[in-house]
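As a starting point, one isolated chain is supplied in structure tokens, in the form predicted alone.
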Amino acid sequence: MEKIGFIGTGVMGGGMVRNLLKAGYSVNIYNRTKAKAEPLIQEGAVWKDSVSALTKSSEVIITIVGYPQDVEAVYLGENGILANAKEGSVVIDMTTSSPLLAQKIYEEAKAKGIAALDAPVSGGDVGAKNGTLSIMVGGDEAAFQRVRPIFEAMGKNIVYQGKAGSGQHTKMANQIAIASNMLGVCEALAYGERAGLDMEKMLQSISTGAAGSFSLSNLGPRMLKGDFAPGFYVKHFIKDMTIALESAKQMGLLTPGLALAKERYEELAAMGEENSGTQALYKLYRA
């Protein structure tokens, strides 16, 4: 089994590393804050002190970091992945990031004899923990097939989308669908509460009908309980929506639903909720 290097052991990365360990992989890890990685070290992951040290001792390097600028720094910097990866390695960015940056990394990796895949995920902290993530992959199909068993340790719905950048474009479509849906979920729950309905019964009815969605079934109950802990941060969702709006503009596509959702989430962030989960949008309707 190929030795994996994993950079970024936060809310999502931690669960993903655990599933790789359960599948029998040897996993080197690096995170900006070692203390946050201590539980994984106790469970068998091997700590490396730098991106370069991790890269040199791994055959497949996976990243899931915060923002496109973080992706660029970890891949293209002087001490980054591409400067230190061995020829024949596979690098996989699972951050939700810019399609254009994914294409740039692919080209620079290819010139060094390294295969690069963009493979963002959907499914939140629950999917990362349970190994049921949806994984959308762009890059060369041969590289995808080589690392497919690694993806299968972390996800269930694994789809090769096409050339470099296709994974990120697919994730943008995913985020666009979620953005407007989250507005609808919050408004539906606010309406039900204002009407004096039994909210558990209401959810039971509408979550299994035509209105059903992941957000309604999984985040709706959290909203009603006042559980706004992050499965996916508000600040990261705003980042994703910004990328999606920029990509849509480049293609000449109007996305007014997405623009409205971003405005509402920015309003929420201005209230100090940037580190809350995306379900905290419901606070705007309870205010």
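Only the largest set of C-alpha atoms that superpose within 1.5 Å between the two forms is called the rigid core. Residue numbers here begin at 1 and follow the sequence given. None of the values given here were measured: they were computed from a predicted structure.
Absent from the display: the form predicted in complex with a further copy of the same chain. The rest refers to it.
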property	result
Contact assignment for a further copy of the same chain in the predicted bound form, among Ala190, Val126, Ala73, Ala83, heavy atom within 4.5 Å	Ala190
Single option in Ser26, Asn31, Ser52, Ser247 placed near a further copy of the same chain in the predicted bound form, where near means a heavy atom within 4.5 Å	Ser247
Stretch from 88 to 96, 198 to 206, 75 to 83, 108 to 116 whose residues place a heavy atom within 4.5 Å of a further copy of the same chain in the predicted bound form	198 to 206
Check all three, Ala173, Met251 and Arg264, heavy atom within 4.5 Å of a further copy of the same chain in the predicted bound form	yes
is_contact(Gly257, a further copy of the same chain) in the predicted bound form, heavy atom dist at most 4.5 Å	yes
4.5 Å heavy atom contact, Lys104 to a further copy of the same chain in the predicted bound form	no
Interface membership of Phe151, a further copy of the same chain in the predicted bound form, 4.5 Å heavy atom rule	no
Distance check, Ala142 to a further copy of the same chain in the predicted bound form, heavy atom within 4.5 Å	no
Stretch 153 to 170: residues contacting a further copy of the same chain in the predicted bound form, 4.5 Å heavy atom cut-off	Asn157, Val159, Tyr160, Gln161, Ser166, His169, Thr170
Large Cα move at Ala210 between the shown form and the other one, threshold 2 Å, rigid core	yes
Threshold 2 Å Cα movement between the shown form and the other one for Gly184, core superposed	yes
